[in-house]
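Only one chain is given next, in structure tokens, and it is the form predicted on its own.
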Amino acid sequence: MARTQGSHSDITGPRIHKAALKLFAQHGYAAVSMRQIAGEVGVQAGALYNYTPDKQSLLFHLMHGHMDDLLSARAGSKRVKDALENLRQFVGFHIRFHLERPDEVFIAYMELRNLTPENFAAIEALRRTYENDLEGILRDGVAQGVFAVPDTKVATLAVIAMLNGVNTWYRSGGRLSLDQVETIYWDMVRKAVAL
């Protein structure tokens, strides 16, 4: 099938991913067809298969890209010896990184169930890498005598779940600034793990 006039792989490919992200976030993966994605991009449905083998591959690519971006950005964070400071930095990083990517975050958590077992395993491994970063901070804090956490894995998941909640309600220009929200959440996390 001939490429639609004006279509270029370096432009159309990213447009397909952007359209899939938007539609999956708005309607859910299961409710979106390849024809809808093609319509959003302005190409024929068959043209999508020049860029992706199938809808599952699109979902996996979006999730994998999000996790790669998250881990790359987090790798740029400097660790210090003070576990309390590392935890404060993690809280701020998590809130700010995720607030800039609401659709990616929604898909990363809500569409896991739609991944094939092998794709799920790959995404789960990346998520575990991120969770292990926080769990290491909590373990360091316990060893330094500044945190009282009976189970670092449970505490890790609880802290991440709490921080993810910001995405569901925070709106720029609302009653609280992002700095204020970050300070409030940091205080809650600190109290949750403190001695």
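Start at 1 with the first residue shown and count on from there. These numbers were taken from a predicted model, which means no experiment stands behind them.
Below, we turn to the form predicted together with a further copy of the same chain, even though it does not appear here.
Asker: So in the predicted complex, does any heavy atom of A143 sit within 4.5 Å of a further copy of the same chain?
Answerer: No, A143 stays farther than 4.5 Å from a further copy of the same chain in the predicted complex.
Asker: Classify R175 as contacting or not contacting a further copy of the same chain in the predicted complex by the rule of any non-hydrogen atom within 4.5 angstroms, answering yes or no.
Answerer: Output for R175 is yes: heavy atoms within 4.5 Å of a further copy of the same chain.
Asker: So, in the predicted complex, is R35 in contact with a further copy of the same chain at a 4.5 angstroms heavy atom limit?
Answerer: Looking in the predicted complex, residue contacts with a further copy of the same chain do not include R35, since no heavy atom lies within 4.5 Å.
Asker: Verify the contact flag for S57: yes if a non-hydrogen atom of it lies within 4.5 Å of a non-hydrogen atom of a further copy of the same chain in the predicted complex, no if not.
Answerer: No, S57 is distant from the partner.
Asker: Note that a further copy of the same chain is not shown here; using its position in the predicted complex, name the residues of 23-56 with a heavy atom within 4.5 Å of it, in sequence order.
Answerer: Contacts from 23-56: F24, A25, Q26, H27, G28, A30, A31.
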